[in-house]
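First comes one chain, alone, set out as structure tokens in the form predicted alone.
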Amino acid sequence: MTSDEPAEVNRVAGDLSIAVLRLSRCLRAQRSNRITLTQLSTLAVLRRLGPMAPSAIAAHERVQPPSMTRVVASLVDLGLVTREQHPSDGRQVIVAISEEGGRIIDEQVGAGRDWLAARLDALTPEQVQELARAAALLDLLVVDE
């Protein structure tokens, strides 16, 4: 490692942090405020991973189980998830995304995706490919965080 590498890594980390924060703010501005980001994230987990116990969702989202219990209760009240008895453990429930919850995900994610796609249209094909590679690398940074 050369003496310049730590400084370069720190510079890239700072630039990337600011760019991600700005992009996140722009994407958040595209979505409606029908549900919170925590609720949206919970719906996204259920859509991607399928029905699961609230404790499993809490572990995946890195929140305390009582917090996830409140989030799930609010999503049930909104009709965005369903709760059913666990098939083998009567003390637990299984949470699944409802049809309406799926529509909300499509609506919320679609708004950001459409905004971002319009922004990407202004770039060259090479720049879009570079961002595709960067997106894959960003995923590597947060996998199993």
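This one's a predicted model, so the numbers in the text were calculated from it and none came from an experiment. Start at 1 with the first residue shown and count on from there. The term rigid core refers to the maximal set of C-alpha atoms that superpose within 1.5 Å between the two forms.
The following text describes the form predicted in complex with another copy of the chain, which does not appear among the structures shown.
At least one heavy atom of Leu37 is located within 4.5 Å of another copy of the chain in the model of the complex. Although the partner is absent from this view, Gln30 contacts another copy of the chain in the model of the complex, with a non-hydrogen atom inside 4.5 angstroms. Shown alone here, Arg47 lies farther than 4.5 Å from another copy of the chain in the model of the complex, counting heavy atoms only. Contact annotation for Met52: none of its heavy atoms lies within 4.5 Å of another copy of the chain in the model of the complex. Core-superposed comparison between the shown form and the other one: the Cα of Arg48 travels less than 2 Å.
Core-superposed comparison between the shown form and the other one: the C-alpha position of Ala59 differs by less than 2 Å. When two forms of a protein are overlaid on their rigid core, residues whose CA moves 2 Å or more are considered shifted, and Arg119 is one of them between the shown form and the other one.
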